[in-house]
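Take a look at the structure tokens below, where one protein chain is shown in two forms, each on its own, as structure 1 and structure 2.
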Structure 1
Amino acid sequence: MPALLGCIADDLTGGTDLSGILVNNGMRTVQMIGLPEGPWPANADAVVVALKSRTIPVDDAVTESLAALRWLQAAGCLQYYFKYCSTFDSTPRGNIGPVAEALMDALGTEFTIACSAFPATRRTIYQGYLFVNGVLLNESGMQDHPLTPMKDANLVRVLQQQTRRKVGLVDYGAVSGGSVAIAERFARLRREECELAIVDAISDSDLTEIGAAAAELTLVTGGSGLAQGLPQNFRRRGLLNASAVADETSVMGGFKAVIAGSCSAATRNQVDAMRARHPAFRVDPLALAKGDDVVGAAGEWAAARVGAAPVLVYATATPEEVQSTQATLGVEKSAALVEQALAAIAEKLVALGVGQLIVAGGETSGAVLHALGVKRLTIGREIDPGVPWTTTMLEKPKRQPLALALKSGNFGSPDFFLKAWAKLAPTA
């Protein structure tokens, strides 16, 4: 099968979210961690290259995105997708506008869309204004974000500040008319010399219509929701295989473990639910700072327990505990100490035969993938919205398959760590 959709995501868990949506809609998807090497993976309809480019300097984001694009172009993808956050996380300098512009130049295309709407997670766009959980973006809490404060909900204005190209709007009047009306609006905007268009969307069916209208666009940009509407275009052309779910048979044998580095509310509940049922080891940041061999102790503890039942290793703590630790050690130092320790413990668990591993926390997931040397993930079944099982082949300490679920801190139901294993089943 040809390479159909080449995606560039500006962060790791956003990339997994996008990959999960593509799989749910019938595309076999592989996620690459950082710039890919080697050829397009066999049996993949889509590849998502997950960068860490959301908040890095604009020039670096452009350079890395173009490098990812070159790899995707070498595979001859039929369409390209630039994925960013559904809350349009950016500053007046970028990085959404400059990256989109650079991708357009490199692809030689003069028109693309920007649609971060994701109605299932209550991100909707109406008359160009982005609503988050029913309120305007700049009243949603995002106005106080430490790195990308969003103080204006009008995405036409926000994007226009970031680009030299003219930004237009496909308003709800056109979107509610369906794919033909939307495509006509694209054509009109192009005649008016608009090169980027914010697109309104308030429901999943809007995204389906927008996706159909975008069939001929070389590049689309948006959140992960926009991806719902694209697979239908390839299916219509007979380019998609019937069965898209990855075969996970190879990872069925390994032991089960959870590593939790997130302190978000959802993860705290999930840790409590798991501790009540299974052995759990707590990683104490203050002990790490003192130089205690916490990693060694966790390894010995796990060696005596893995196998019979899932085990949990966690640094998860209440907001008060985290604040007090941060007051003693500093925010960055406590985060780095915990991330490094959990990543080293992940290596020990894998060496002990753990083959099914759940990691809670975005930064924590990044640290664990780095320590394990994971460069690509094949996306499998969804456990909860936004969190699929994935599989990978480890190269060290020996070649062995590993199933990984990377859970963004606030995702998942309270019983996530208990129920996730049952979803990891061989293809029927």
Structure 2
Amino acid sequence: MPALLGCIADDLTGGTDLSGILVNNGMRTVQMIGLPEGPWPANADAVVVALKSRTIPVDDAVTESLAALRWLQAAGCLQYYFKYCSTFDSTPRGNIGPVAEALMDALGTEFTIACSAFPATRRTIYQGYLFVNGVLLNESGMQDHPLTPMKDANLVRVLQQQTRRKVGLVDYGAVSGGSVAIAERFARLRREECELAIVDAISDSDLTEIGAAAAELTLVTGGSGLAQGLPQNFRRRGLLNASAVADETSVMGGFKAVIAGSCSAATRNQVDAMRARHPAFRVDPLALAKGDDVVGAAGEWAAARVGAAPVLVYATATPEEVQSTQATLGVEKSAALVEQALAAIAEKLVALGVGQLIVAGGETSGAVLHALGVKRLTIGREIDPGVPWTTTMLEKPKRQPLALALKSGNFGSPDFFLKAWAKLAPTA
């Protein structure tokens, strides 16, 4: 079978989110961590290259994304997908607009869409405005994000600040008319010299119709929800094996642990629910800055507790606590200290026999996977919309299997950490 869909995700949890959607819709999907090496994986319909490019300097994000694209192009993909967060996390300068522009230039395409809607997680777009949990983006808590605060819910305006290309809107009037009306709106925008278009969507059926309308686009961009509508395009062309089993969750053993670095409202609620039921260790960035051996203390604490029940290690804090820490240490230093510490603690947990690990937060997930040397993930069962279990084989400290759930900070129900284990097959 040919390489069908080549995807570039701007963070690891976003890549896992997208991979899970594709698997749920029948595409055998492999997630690669960082720039891939070697050939396209055997039997894969789609590959998601997960970068850590959401918050790095714009030029670096463009360079890494283009390198990933070249690998995907070498495999001969029929369509390409640039995936970013459903909350359109970015700054006035980027990185969404500049990366999308660079990919368009490299692919020689003059039009693409941008749709971050994911109704299953209550992210919807109407008249170009992004709503999260029923309120405007800039009133949802994302206005307090420590790295990419979102102060404007109008995505046409947000994206236009990031690109030299003209940005248009496929409003809900067109979307409600189905795929034919959406495609007609694409054509009209192109005649008006728009090269990027925000697309409204308030339901999963909208995303299916948008996906059908996008069948002939070389590049699509958006959140993971948009991926629901793409596999059927390949199926219609006889290119996707309808009988293949895409979900490859394996039976996994080992102890259970959660590492939470995200400070989003969703993760704060999940941490509170977990702390009420299971042992928890808090990582304090101010203690790290003072030189305290927080990693060593966490390792000793965990050694006395893993096995009996799931354990939680967290640096999650309220917006006020985050702002206070950033005022003392600076944004970059505080984030780096926490990421490095949580990654080192993850290594200790795995060495203690943890074989089922949940990580909350995109930046934290990137640091943890780098520390563990993970290069590839097989996508398994969905825990909540946008968050599947994955499996990998570690090479250090010894060759051993590991189940990983990489959760975007904004995703998941309050009991996510508590119910996730039930989605893994029981040990033999």
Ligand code: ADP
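Heads up, when I say rigid core I mean the largest set of C-alphas that superpose within 1.5 Å between the two forms. Reference numbering: structure 1, starting with residue 1. Everything numeric here is computed off the predicted structure, so don't read it as measured data.
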query: Looking at both forms of the chain, which one is the form predicted on its own?
result: 2
message: Is Gly299 displaced by at least 2 Å at its C-alpha between the two structures when the rigid core is overlaid?
response: yes
- prompt: Comparing between the two structures on the rigid core, is the C-alpha shift at Tyr129 2 Å or larger?
  reply: no
field: Large Cα shift (2 Å or above) at Glu321 between the two structures, core-fitted
entry: yes
query: After superposition on the rigid core, what is the displacement of the C-alpha atom of Ala289 between the two structures, in Å?
result: 10.5
query: Aligning on the rigid core, what is the distance the CA of Leu406 moves between the two structures, in angstrom?
result: 3.7
